[in-house]
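So this first bit is one chain, no partners, the form predicted on its own, shown in structure tokens.
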Amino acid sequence: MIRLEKRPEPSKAWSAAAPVLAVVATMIAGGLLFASLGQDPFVAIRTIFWDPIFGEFAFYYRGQLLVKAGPLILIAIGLSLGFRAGIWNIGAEGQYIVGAIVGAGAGLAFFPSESFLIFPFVILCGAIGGGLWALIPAILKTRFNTNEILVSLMLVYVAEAMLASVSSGLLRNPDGQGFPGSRNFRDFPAAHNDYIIESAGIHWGVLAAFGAVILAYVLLTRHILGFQVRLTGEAPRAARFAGVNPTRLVVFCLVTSGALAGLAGMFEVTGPAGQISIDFNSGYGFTAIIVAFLGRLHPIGILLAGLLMALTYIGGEAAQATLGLPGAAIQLLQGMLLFFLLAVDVFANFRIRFGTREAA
């Protein structure tokens, strides 16, 4: 008989090894998936995880790595603060969309001005837009004790409806011959999130992501608020006795994660995406949940996990172009990362025991 026995304390060794084992297991399962699709599994895995960094066209893909990783890291940092405190914001995709809509709208309102103040104003509006969208589940949770998971998730669909509406209406390009979509920010330099180092794929959003990693690390290790976040997640009763205000903490965690998601959307729409369109949202808000857990909710871990997940994005695009793999297979590969991480995490809290349980 095989049974699981709870450990007295979580195993630090298993916790540290879980992300690595999850990646290895994902590669093995992904290889089997690609083999079932008629592809050489070794070639497919190499194309996704190796060629974008060391392959023939690595000079192009390396520049895309930080472009894809920036929004994932920025959103995941915000989510990790709430997750550490047991506050589950699953609607970062909606906050990402609303941040992009508000930021783009604020910038386009000044078209074709050349003032250098426009881009900072767009950044501020993007953060406010995402933060206010996350404030809705925060208020509902603190005032009416609603479930923030359901509320934040349902608001994603509202945000998607808003995106479709403004793309065809309020923000539609008046010179676009009736096609949905806003003006292209490449034609509006004052509000364009241009590359700082184009060959490395570094723009202001990437710098903001690195800054968020540093600030989150300092907050969690050097600030009383970070201590309250960690304490609430690890020992809620002790947090109440220590005087932690749960209402204030819920609002802080949700609004902060929403603001960072909104920033990610704003940097994306004014930079790589270039415009508000019906299909602007690309699932970054949901993928960032995988990044947060793969990084063990630690800022440095999230940085590394974001780079790895970005690698699956650009490697997946390469595999689709060169091997003809379907996009759904790449999305399934990304989902496997979280699945195997959760599976391996079981062994951090439980031991496998063989034989029958001894009678008391």
Partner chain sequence: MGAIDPLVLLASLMVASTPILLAAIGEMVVEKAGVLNLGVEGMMITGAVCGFVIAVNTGSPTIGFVAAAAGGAGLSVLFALLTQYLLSNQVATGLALTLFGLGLSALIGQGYVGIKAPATGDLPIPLLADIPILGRILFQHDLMVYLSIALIAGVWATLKYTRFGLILRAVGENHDAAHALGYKVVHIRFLAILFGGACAGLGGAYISLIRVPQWTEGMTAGAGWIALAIVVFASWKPWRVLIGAYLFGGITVLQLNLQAAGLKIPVEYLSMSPYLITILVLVIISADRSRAALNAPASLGRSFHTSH
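Fair warning: this is a prediction, and the values are worked out from it, not measured in the lab. Positions refer to the first chain, counted from 1.
Below, we refer to the form predicted in complex with the partner chain, which is not included among the displayed structures.
Candidate from 188, 88, 252, 119 lying within 4.5 Å of the partner chain in the predicted bound form - any heavy atom: Of the candidates 188, 88, 252, 119, 88 is the one lying within 4.5 Å of the partner chain in the predicted bound form.
Exactly one of 245, 113, 165, 184 has a non-hydrogen atom within 4.5 Å of the partner chain in the predicted bound form; which residue is it? Spelling it out, the residue with a heavy atom inside the cut-off is 165.
Please check if residue 18 has a heavy atom lying within 4.5 Å of any heavy atom of the partner chain in the predicted bound form. Close contact is absent here: in the predicted bound form, residue 18 is far from the partner chain, nothing within 4.5 Å, heavy atoms only.
Decide whether residue 286 counts as a contact residue for the partner chain in the predicted bound form under a heavy atom distance cut-off of 4.5 Å. Close contact exists here: in the predicted bound form, residue 286 approaches the partner chain to within 4.5 Å, heavy atoms only.
Taking heavy atoms and a 4.5 Å cut-off, does residue 346 contact the partner chain in the predicted bound form? Result yes; residue 346 sits at the interface with the partner chain in the predicted bound form.
Find out whether any non-hydrogen atom of residue 144 is located within 4.5 angstroms of the partner chain in the predicted bound form, and reply yes or no. Although the partner chain is absent here, residue 144 would touch it in the predicted bound form, with heavy atoms inside 4.5 Å.
Among 45 to 53, 299 to 307, 323 to 331, 58 to 66, the region lying within 4.5 Å of the partner chain in the predicted bound form by heavy atom distance: It is 323 to 331 that comes within 4.5 Å of the partner.
Who in 27 to 52 is close to the partner chain in the predicted bound form, meaning a heavy atom within 4.5 Å? Counting only heavy atoms within 4.5 Å of the partner chain in the predicted bound form, the contacting residues of 27 to 52 are 33, 37.
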